[in-house]
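Read the single chain below, which is given as structure tokens and is the form predicted alone.
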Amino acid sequence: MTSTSLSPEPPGSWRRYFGFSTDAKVIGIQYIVVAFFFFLVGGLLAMIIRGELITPASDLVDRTVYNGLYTMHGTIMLFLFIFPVLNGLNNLLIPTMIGAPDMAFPRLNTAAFWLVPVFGTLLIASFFVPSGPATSGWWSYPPVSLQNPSGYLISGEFLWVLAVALSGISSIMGAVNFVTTIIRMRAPGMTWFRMPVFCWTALAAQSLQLIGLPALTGGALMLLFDLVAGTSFYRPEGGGDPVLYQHFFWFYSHPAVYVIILPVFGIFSELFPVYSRKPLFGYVYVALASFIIVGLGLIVWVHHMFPSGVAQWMRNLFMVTTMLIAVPTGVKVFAWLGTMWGGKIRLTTPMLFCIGGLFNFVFAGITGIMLATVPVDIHVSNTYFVVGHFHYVIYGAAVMGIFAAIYHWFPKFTGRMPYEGLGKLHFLLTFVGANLNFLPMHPLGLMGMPRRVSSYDTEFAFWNVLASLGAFLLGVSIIPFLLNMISSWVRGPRAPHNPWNAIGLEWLLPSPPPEDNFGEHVPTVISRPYGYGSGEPLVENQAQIERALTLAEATR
């Protein structure tokens, strides 16, 4: 089976990346490139924010502009970078890892991607409407988000809510595709416990999308009606309940953290065995832990609302469930450490990003347990302690895991090898910059500095200067990454089909893979992945596939 492309461009032409292709690999690269464009936009906003905070006085931008900057920074980084870049990796890896020729619904896949630049354009356009961009934070709580002092119908808040609703629709379309592909399109012999852990984590994360995302999308539409149609879902003066929006928002937006981090757990589980030259320790438990995280992740959202006047019994219940989620997460961390223990570790760029991401995630987990407790959470609510914890999870762990994946699978999907020296420089700047940026936020929060302010008391100046210097270093760190990706893809050394000596179906394909992946040589899986040193073949027809691979590389 091959997908019928909507793009007339031939395979291998760079123009197909600008068309309506239905090839999952093309769509995956489109997702990643668009995501990193918005990453640069969101990062520029972060630089302005930290430039403002390097001095106690509000002396760089107007306070209203500052409110718009932090609102749009958070929105862009989450809805236009993290989710799209993970969807890009899903498109690249899921079909090739399970031996499928494409996604289950190729045209739906195309439509889901092209909604991204649409709602991205809406968000960027909010900077140019007379009212300016949304200023009520990336969570957009009413009644603040329902205020429209400018009186314009097309306000920044209107565009923000519309963009978030479209983002939800796009993500639901993608989740339907990913879940269906994993369940229905695995190669012969690929039973559930022969499936790569990345596919387990992707299935868990996208199942969570299908369960939780309709709540956020519906809540955003209700907010849109309150804003432009005069309804009173959340307006207190009309009998509405603003706290209802918080329930809709956090019912999805806390599990969204697991939607983000679960695929990164899958990346760690794929890469640690490769660069330790050992099988993954506790494969079955690591796989099943993903779905335990999903189950618990659906019953933790109220811990974001402890200061909102919820009943004490509810605080106690959600405190316990939030702490319990550390158990399956700890299983994964223990498995990764067990995989590296006694292994022949190779400190390549992907491995360095994995180790750095794991270090940051463990630190974030410790502060997460602190925030799960009611007294601590109420004490540091709306302070920089929460900001620091969140950024350690999202950037310190998730984004570093994404960089590890890009460096690891770059040769497979571009046919070129990245430059190792630039990669290690990128890691060093990222790791130092991230910790210098986010670590000072924790003492700031404990000292009582509130978030979302552009001026502060001089007692907070020392830690803010350190955080801003770390942010600027983090901004510089992206330069060697962009140089590496562009120069490697254009003129880097040709990549063999398996430069890392990895195990998995995707490494049986040429680099880059053909449009229909395995074509008529669909593999029959006979063993689990990660079988380093066992001598057991991964697939029954491996010799046939290797002959086809040799022929493909000879004619490349």
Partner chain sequence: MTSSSLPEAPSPTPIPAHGEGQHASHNLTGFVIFLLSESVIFLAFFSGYAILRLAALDWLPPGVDGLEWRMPLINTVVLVSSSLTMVLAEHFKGKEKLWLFRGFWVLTMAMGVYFLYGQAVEWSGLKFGFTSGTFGGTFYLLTGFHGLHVATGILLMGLMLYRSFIPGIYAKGEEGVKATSLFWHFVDVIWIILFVLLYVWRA
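Positions refer to the first chain, counted from 1. This one's a predicted model, so the numbers in the text were calculated from it and none came from an experiment.
One more form of this protein, predicted together with the partner chain, exists but is not displayed; see below.
Is it the case that 490, 496 and 512 all touch the partner chain in the predicted bound form, with a non-hydrogen atom of each within 4.5 angstroms?
Judged in the predicted bound form, none of 490, 496 and 512 sits within 4.5 Å of the partner chain.
Just give me the single entry in 225, 463, 139, 472 that has a non-hydrogen atom within 4.5 angstroms of the partner chain in the predicted bound form.
Here the answer is residue option 225.
Among 391, 73, 186, 412, which has at least one heavy atom within 4.5 Å of the partner chain in the predicted bound form?
Checked against the cut-off, the match is 186.
Would residue 244 sit within 4.5 Å of the partner chain in the predicted bound form, counting heavy atoms only?
The answer is yes: residue 244 has a heavy atom within 4.5 Å of the partner chain.
Does any part of residue 47 reach within 4.5 Å of the partner chain in the predicted bound form? Heavy atoms only, please.
Result no; residue 47 lies far from the partner chain in the predicted bound form.
Wondering, does residue 440 line up within 4.5 Å of the partner chain in the predicted bound form on heavy atoms?
No, residue 440 stays farther than 4.5 Å from the partner chain in the predicted bound form.
Test of understanding: in the predicted bound form, would residue 433 fall inside 4.5 Å of the partner chain by heavy atoms?
Contact with the partner chain, no.
75-83, 97-105, 414-422, 399-407: which one contacts the partner chain in the predicted bound form at 4.5 Å, heavy atom to heavy atom?
In short, 97-105.
Select from 220-243 the residues with a non-hydrogen atom within 4.5 Å of the partner chain in the predicted bound form and write them out in sequence order.
Contacting residues: 221, 222, 225, 229, 230, 231, 232, 233, 238, 239, 240, 241.
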